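So this first bit is one chain, no partners, the form predicted on its own, shown in structure tokens.
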Amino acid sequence: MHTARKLAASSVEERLYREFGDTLFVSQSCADQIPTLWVDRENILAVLTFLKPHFCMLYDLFGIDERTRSCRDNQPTADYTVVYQLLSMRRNEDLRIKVGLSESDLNLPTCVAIWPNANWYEREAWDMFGVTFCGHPNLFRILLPPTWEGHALRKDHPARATEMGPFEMGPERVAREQEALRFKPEDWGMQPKEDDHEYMFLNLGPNHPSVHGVFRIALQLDGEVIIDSVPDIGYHHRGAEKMGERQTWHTYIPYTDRIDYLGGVMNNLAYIQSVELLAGVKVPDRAKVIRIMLAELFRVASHLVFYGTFVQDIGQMSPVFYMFADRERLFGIIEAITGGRMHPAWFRIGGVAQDLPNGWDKMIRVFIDSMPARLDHYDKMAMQNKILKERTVGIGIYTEQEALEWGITGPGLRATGNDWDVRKKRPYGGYDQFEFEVPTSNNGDCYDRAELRIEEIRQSLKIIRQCVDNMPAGAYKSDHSATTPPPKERTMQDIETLIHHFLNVSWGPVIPAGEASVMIEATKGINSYHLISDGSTSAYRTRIRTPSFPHLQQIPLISRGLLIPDLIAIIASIDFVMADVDR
């Protein structure tokens, strides 16, 4: 036991200094004020093991290629960095632990035994950066094809197709790629047979209507009983984090729409709040309320898709048409306000793209006034259906502790009785000014996960109504010079304004060097963008923490011993989109 000597910026730092001594750590200041400590590789497992009782969740784990970064004041020397971000819901605290590695020795011990959801995160860090996690049970590629050469998020890897050779897909390569995708049970610790059993292996997906996208699950079956399963992702990977390093801060906004492609501007909000924190941009009150209103409209739209497809996967065909009709009405409103439907890319750094059009409030009032009665009708039609209940009640159960171990957030966590909602626990963007409830359940099964999302629609309607009733006057965008070009009409009056406008639009703003991440309660759980600026017109590192990525890791845990139709209900109840998983 050591005595703390270094001045601790937080209580958790003080505990670490007392346990390990302050000389073991180097503290880094970040724009988001999250305590960030560097520790050496030899002590990382001891530190993480000590922190486990204090932090319920490994929120994120990712790599950084530091080799071309210039603004690293007061940070230890490193060619690559591995970042562990931990979350304590009980104390509402975050902690970042960083480990620096040299290019000649990219090895770290795995922490899968401490946090099981580290499995996929470590595979991703190896896939993208080449960091080897010693002791990992299955350190295979996870997002890139098995035949991929190199590590795509290294700075020396091409960022555009034009920087690579012509793509060819002849018969020989097709055969090689197909063979690489062959499932080998032995690689995953599975046995084709035991003394009195022979098992069957079945591919569910990647092209199957029930897996909601290009997603494969390799099943080990005893008859129709699931013995084990291996979720296989990466078929939808498009390099969104890599693109974040080549686009300017402004021009990357449309790319965020395509992550959770059902969440629309919700994706913009997670990204631009981190940029605003780095740049010190203050958002006007009117812009804040407009953002919240649009974000909640998209939460309703996303949950309506979930509702209809969930019921359809269980076997009811007609409800999805009712729910998609409501979604179309909602898209009509969104299009009238933003000019776009699913992917309007309408939020801006410092505010939104335009002010609200004439008549916006009447359109929204008609929609929110009609929805409660329609939800009551859907409840009788779908959720009270006896067959649906028999297919979902008591199926796919996990406890609150298991949810935290696997990084589950959003309705999936609240179905276990945990009321963590970022809008309540860490009100962002003005949510502290709104009254709404956070629904919870206690069974943690497929039925509860669906029921909570339906209740969330009702709460979102309550928030939207408050936005309509209390929309403040004022500007819809900040006049911060680093993020908002001067009004175009002024560009013809003086050369300085014209130059400023030209540079801001063509090159984009220069964001001060630093690191920041802001959590939001997205449609499927907690979403955040960890952005690193090197004092340039684009991000040095864009890390997208999505809720769907860890959620799919739980499938083997909650499907073991059940039947294939139960697995279909489980997949439907998780509510994910593959772009949110693969990025």
Partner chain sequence: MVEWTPVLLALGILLGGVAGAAILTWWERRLLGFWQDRHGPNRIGPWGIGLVVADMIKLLLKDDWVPPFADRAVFIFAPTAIVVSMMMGFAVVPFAPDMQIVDLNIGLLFFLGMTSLAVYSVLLGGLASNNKYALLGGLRSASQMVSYEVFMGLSLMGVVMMSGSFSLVDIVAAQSDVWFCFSQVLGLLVFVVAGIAESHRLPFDLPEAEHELTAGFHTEYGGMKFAMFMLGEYLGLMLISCMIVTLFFGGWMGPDLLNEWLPPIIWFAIKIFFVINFFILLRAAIPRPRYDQLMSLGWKIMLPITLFNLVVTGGVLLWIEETV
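Numbering follows the first chain given and starts at 1. Note that this is a predicted model, so its numbers are computed, not measured.
Absent from the display: the form predicted together with the partner chain. The rest refers to it.
- Looking at the partner chain in the model of the complex, residues 145, 164 and 258 place no heavy atom within 4.5 Å of it.
- This chain is displayed without the partner chain, yet in the model of the complex the stretch 194-202 from 104-112, 236-244, 437-445, 194-202 comes within 4.5 Å of it by heavy atoms.
- Note on contacts: among 501, 157, 208, 426, the single residue with a heavy atom within 4.5 Å of the partner chain in the model of the complex is 208.
- The contact with the partner chain in the model of the complex, taken as any heavy atom within 4.5 Å, belongs to 316 out of 251, 138, 316, 433.
- Residue 491 falls outside the set of residues with a heavy atom inside 4.5 Å of the partner chain in the model of the complex.
- In the model of the complex, the partner chain sits within 4.5 Å of a heavy atom of residue 387.
- Residue contact check for residue 457: none of its heavy atoms lie within 4.5 Å of the partner chain in the model of the complex.
- Residue contact check for residue 312: one or more of its heavy atoms lie within 4.5 Å of the partner chain in the model of the complex.
- Interface residues of 554-583, taken as those with a heavy atom within 4.5 Å of the partner chain in the model of the complex (partner not displayed): 563, 564, 565, 566, 568, in sequence order.
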